[in-house]
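One chain is shown next in structure tokens, namely the form predicted alone.
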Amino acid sequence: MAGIYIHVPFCASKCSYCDFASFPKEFGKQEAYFACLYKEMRSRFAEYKDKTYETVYFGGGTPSFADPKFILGAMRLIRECVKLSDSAEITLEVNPGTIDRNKLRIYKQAGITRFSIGLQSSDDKLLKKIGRIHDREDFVKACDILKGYNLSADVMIGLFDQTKESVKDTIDCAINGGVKHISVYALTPEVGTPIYTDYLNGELPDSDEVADMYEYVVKYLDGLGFKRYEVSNFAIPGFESRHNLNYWRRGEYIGFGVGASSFMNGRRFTNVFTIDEYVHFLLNGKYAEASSDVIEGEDAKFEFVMLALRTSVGADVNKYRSAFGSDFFTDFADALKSQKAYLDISADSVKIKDEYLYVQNNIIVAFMK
């Protein structure tokens, strides 16, 4: 299985917590950007045309803020250049304040099958404080426009003055909108973002409060039939994100655009992080790679474990043996011994116990050699 990621770096405004490659003041560069993105796609696909792609994901930025003709153009190019599975999952990220029925008409032409809506919170005051351009009613309207599609929503915890009750209201709002998949992200204040100052000033919940809120969310969603299949992702069975599952299974994927990462034929590479640099490289007939590494040996083994242990099913020891030709239990004997209290270990798999999944980073590090 292989996936395709396309980065759309344009947005209406920068949220206070955002550390992604997004540029609200560069909307006028759309034509040049997508012309170069299409050029990159043609060149890369010529190298990897022998593969079948089963997922496509438009991320950002705010893909729904861009002119939908560019989404349609990208999908036409994908179908022209490579084999796309008949049952492909094709996801577009949406900001509730940037979707309308005319855009949906074009997305339907493009073949979009799944929409990931950035709700974050149902509290209008909180949304305004973190720089979101939408309110609760915009989300409700977006869900009405997208009714009948496979819908996912992003929810953030660890924000200003959040309570379990307010997070419950956000989840209820999402589910009432027809959402079958919810991603719950704990805020990570990044250096250089406006919200980092608020974090330093002690205006955000501390780590223990966020952990308690997360555990509450896990139990509440489970009671509603949403099963946690990865540390931050919950879905009604059958509605898991196939694109993201491919990442956690260490599958191959190819990324296009500013800041996009790829993992193909054992090589991981990432594009430059500004539009001007990206356009400059492509116009001069070069790939816009900022970094490139071949992942092999012990690094590849650890990466397999690191990604798999984020999921509820954990690491499949038989797939590990097939991938690397060695025994999982022998390769990680020391880590398995030191972390035994936190793991469920069977003959076929090793996974982190449910109650410790939120702190999986502390456990996974023991597997690093």
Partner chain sequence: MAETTKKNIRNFCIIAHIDHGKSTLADRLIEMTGQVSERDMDDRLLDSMDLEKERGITIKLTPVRMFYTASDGEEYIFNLIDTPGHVDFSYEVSRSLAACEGAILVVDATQGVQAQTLANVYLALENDLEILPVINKIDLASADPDGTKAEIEDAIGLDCSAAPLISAKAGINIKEVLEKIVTMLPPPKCADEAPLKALIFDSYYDNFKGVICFVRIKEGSVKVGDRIKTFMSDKQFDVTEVGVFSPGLTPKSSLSSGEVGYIAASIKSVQDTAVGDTITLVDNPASEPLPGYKQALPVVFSGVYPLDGSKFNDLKEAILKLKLNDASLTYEAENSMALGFGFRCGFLGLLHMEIIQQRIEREFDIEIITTAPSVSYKVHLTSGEVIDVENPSRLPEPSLIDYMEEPIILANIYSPPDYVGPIMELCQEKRGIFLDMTYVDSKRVRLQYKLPLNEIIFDFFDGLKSRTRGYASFDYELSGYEKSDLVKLDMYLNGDICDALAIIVHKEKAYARGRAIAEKLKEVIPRQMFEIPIQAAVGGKIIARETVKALRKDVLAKCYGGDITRKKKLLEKQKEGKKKMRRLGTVEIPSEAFMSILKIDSE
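Numbering follows the first chain given and starts at 1. This structure is a prediction, so every number in the text was calculated from the model and none was measured.
The same protein has a further form, the form predicted together with its partner chain, not shown here; the description that follows concerns it.
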### Message
Looking at 167 to 175, 134 to 142, 71 to 79, 207 to 215, which stretch has residues with any non-hydrogen atom within 4.5 Å of its partner chain in the predicted complex?
### Response
207 to 215
### Message
Even though the partner isn't displayed, in the predicted complex is G60 close enough to its partner chain, meaning a heavy atom within 4.5 Å?
### Response
yes
### W248 within 4.5 Å of its partner chain in the predicted complex, heavy atoms
yes
### Query
So in the predicted complex, does any heavy atom of R268 sit within 4.5 Å of its partner chain?
yes
### Query
Hey, in the predicted complex, does Y185 get a heavy atom within 4.5 angstroms of its partner chain?
yes
### Query
Quick one: of I236, I295, M264, A290, which gets a non-hydrogen atom within 4.5 angstroms of its partner chain in the predicted complex?
I295
### Task
Would you kindly say which of D154, D222, E252, D124 lies with a heavy atom within 4.5 Å of its partner chain in the predicted complex?
D154
### Query
With the partner absent here, would E303, L307 and V359 each sit within 4.5 Å of its partner chain in the predicted complex, counting heavy atoms only?
yes
